[in-house]
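We begin with a single chain expressed as structure tokens, specifically the form predicted on its own.
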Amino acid sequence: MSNFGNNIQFSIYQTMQNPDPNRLPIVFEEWEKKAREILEDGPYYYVAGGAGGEMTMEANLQAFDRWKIVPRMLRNVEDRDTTFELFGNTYNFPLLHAPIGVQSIIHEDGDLGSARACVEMGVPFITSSASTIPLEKIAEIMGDAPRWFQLYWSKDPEVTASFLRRAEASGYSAIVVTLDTPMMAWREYDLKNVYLPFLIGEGVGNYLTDPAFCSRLEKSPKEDPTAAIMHWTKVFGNASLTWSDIAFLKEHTNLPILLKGILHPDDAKLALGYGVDGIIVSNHGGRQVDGAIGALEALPQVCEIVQDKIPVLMDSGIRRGSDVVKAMALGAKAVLVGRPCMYGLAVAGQRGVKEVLQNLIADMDITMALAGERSIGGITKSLLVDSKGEIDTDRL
């Protein structure tokens, strides 16, 4: 049973009695502000920026504003259950740390700091293909803690197959295939700052340690790092993929396969038809297509197609506990959290990521209770009204 919300008053009392001069932020916007103060333009905007005019980033936030919570009273929410099940495993909270590459540009703790914070919090960590630290090292420091691996589908099929084998051998329990990045988007701030961290050796740790990738090089990455990075630019993305290529993934791993980047209901239908194990509704945090639909706006349409045949998760725009509750009410089994964790990492490394996750979980727990729900499974669309104020009485 959850005790995060119940401990808030005691935590405030302790802080009042013993003020901490190094106390970290609580407010999301203050985390972002502090990260902006700490980071140089290149790293900051690589995390905080989006595609084009950043209209999709704005759409993500506006999609949450459309829905309003209608709290219910006298529902006995003293003891709450925040656990949920996925692929035969039970997790403490419906949150996962989103796959985020090149965390080494944010703080020296990097991927390892984020992974350790997730171990402390019992939150599954999704290692990115674009991590600076190889996936095996991240797995090693996580021990038996839950972790998934995010795959950027390489143009070289042997590299893709190798990544899948390495993830399975290292104890990752699911594969998240990011579909919306077959190439880098038009990101104006990165272009303005002339900043692409991969070209300076950040975020390529999995490639430079991969036997299939290294077999394509005349010299080892240590002997000729420039040639290795230039080869990476040739094989990173794969714009030629089609739905029939899903079979390749299924041939090379026994792990559950989730497709990340699904927004269109017809793509959800195709995902079902091609036998994938899960969907993550996402627009990459607004970093790929400017002017795209907000992820939360797409979520109900996808869930309507899926009909609980496979789990549907969601990311893009999660900032507070109410966002988590709204996403679950609209059909998400769980949510992925990205930028907030990176602002925490920038401000205080591992401790910052832990604090961000802890605050978000407590906020979610309190919001769920005050809305009149005592378990994650009880959160349904009946909890919400749309912008017109129409309550879905059919689900009361």
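Predicted, not measured: the structure shown is a model, and the values here were computed from it. A residue's number is simply how far along the shown sequence it sits, counting from 1.
Beyond what is shown, the protein has a form predicted together with a small molecule; the following relates to that form.
Just one of 59, 369, 334, 47 comes within 4.5 Å of the small molecule in the predicted bound form, counting any heavy atom, and that one is 47. Contact with the small molecule in the predicted bound form, judged by any heavy atom within 4.5 Å, is made by just one of 107, 80, 166, 287: 287. Shown alone here, residue 152 lies within 4.5 Å of the small molecule in the predicted bound form, counting heavy atoms only.
Using a 4.5 angstroms threshold between heavy atoms, residue 231 stays clear of the small molecule in the predicted bound form. Contact annotation: residue 349 falls outside 4.5 Å of the small molecule in the predicted bound form, judged by heavy atom distances. Mapping the unseen interface onto this chain, residue 282 counts among the residues with a heavy atom inside 4.5 Å of the small molecule in the predicted bound form. At a distance of at most 4.5 angstroms from the small molecule in the predicted bound form, none of the three residues 94, 147 and 278 contributes a non-hydrogen atom. Exactly one of the stretches 247-255, 314-322, 112-120, 134-142 approaches the small molecule in the predicted bound form with heavy atoms within 4.5 Å, and it is 314-322.
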